[in-house]
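In the form predicted alone, a lone chain appears below as structure tokens.
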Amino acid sequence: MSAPILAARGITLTLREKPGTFILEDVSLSLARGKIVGVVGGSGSGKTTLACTLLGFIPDAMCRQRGQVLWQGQDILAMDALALRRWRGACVSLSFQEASSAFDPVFTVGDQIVETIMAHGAHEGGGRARARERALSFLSLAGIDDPRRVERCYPHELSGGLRQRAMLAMALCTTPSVLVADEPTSSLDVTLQARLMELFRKLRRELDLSIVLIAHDLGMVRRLADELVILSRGRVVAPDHPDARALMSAGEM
């Protein structure tokens, strides 16, 4: 069996201001190339904190951290700030939970995707014109039918579904090997959720993309993921745990 492309090993976070207060406790997961791992749990279970930890976003000033986040065997939590910034986007990208707040409201969607492409050198030396072409191609890949119109829009001019797809385009425009998608369907209706799940299947197939899919909907994630990690109060629990059963009885599985 090949080594995982991304793995968390015994991740534990405690608040510096409140020693002994655990945010995550001994959390582990393993993501193989081309696979989807679903991370599910209720509100406050630590899902978004885990997503941020996987990309090294948790500041040392706030939390004490133990454990490792391994990228092809290298611990990214031991990287310096510059190396970590280069690694993000180029190797692993995060699609944020709230696309409406993740985009800068004073710049167009297209300009923000272009800046991401330029910052990571994904324009292949072709300047802003080449970066603009690449932005349009990834908006199209994300399932947007009229990418030229969308790239000229400001975030508030787009519907929730289009903003979420544009956020995915920005996360993918540097062609990372891994996408961490934090609650990508939380603000969408059932029809748009189904379309987005089909898009994830397409991206995995066409880009050989590995995905950490974070959500509260056990049923949706189970239909898509190759493996499940269930979180409760910052810890990984078994499917027969009371909190996991509560989610199931609520109709989410």
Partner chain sequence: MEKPRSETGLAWQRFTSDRAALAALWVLGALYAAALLADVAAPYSLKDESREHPYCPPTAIHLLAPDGRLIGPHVRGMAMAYDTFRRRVYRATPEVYPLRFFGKGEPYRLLGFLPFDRHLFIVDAPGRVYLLGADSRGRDIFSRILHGARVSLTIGLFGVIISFGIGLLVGGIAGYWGGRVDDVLMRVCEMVMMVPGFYLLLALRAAVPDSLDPLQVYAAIIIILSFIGWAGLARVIRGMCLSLKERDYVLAARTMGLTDMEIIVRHVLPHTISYSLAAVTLAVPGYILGESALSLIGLGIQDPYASWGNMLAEAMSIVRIQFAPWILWPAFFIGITVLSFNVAGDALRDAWDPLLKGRGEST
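Rigid core: the largest C-alpha set superposing within 1.5 Å between the two forms. Residue numbers count along the first chain shown, from 1. Bear in mind that the values here come from a model prediction, so they are computed numbers and not experimental data.
Below, we refer to the form predicted together with its partner chain, which is not included among the displayed structures.
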Completion exercise
Here the chain appears without its partner; judged in the predicted complex, the stretch of 54 to 62, 211 to 219, 193 to 201, 38 to 46 with heavy atoms within 4.5 Å of its partner chain is 54 to 62
Exercise for the section: Give a yes or no on whether every one of R130, E133 and S177 sits within 4.5 angstroms of its partner chain in the predicted complex by heavy atom. Expected result: no
Problem - 4.5 Å heavy atom contact, I144 to its partner chain in the predicted complex - result: no
Exercise for the section: Look up in the predicted complex whether G161 has a non-hydrogen atom within 4.5 angstroms of its partner chain, and give yes or no. Expected result: no
Exercise for the section: State yes or no: in the predicted complex, is some non-hydrogen atom of A119 no more than 4.5 angstroms from a non-hydrogen atom of its partner chain? Expected result: yes
Problem - Contact label in the predicted complex: F103 to its partner chain, heavy atom within 4.5 Å - result: yes
Practice task
Quick one: name the residues from 153 to 176 with any non-hydrogen atom within 4.5 angstroms of its partner chain in the predicted complex.
Solution key: C153, Y154, H156, E157, M170, A171
Problem - Did G34 shift 2 Å or more between this form and the one not shown, C-alpha, core superposed - result: no
Practice task
Indicate whether P59 shows a C-alpha shift of 2 Å or more between this form and the one not shown, with the rigid core used for the fit.
Solution key: yes
Practice task
Compare the CA separation of P59 and G46 in the predicted complex with the one in the displayed structure, and answer closer or farther (the difference is at least 3 Å).
Solution key: closer
Problem - Shift in CA distance, A61 and T48, in the predicted complex relative to the form shown here, given it is 3 Å or more - result: closer
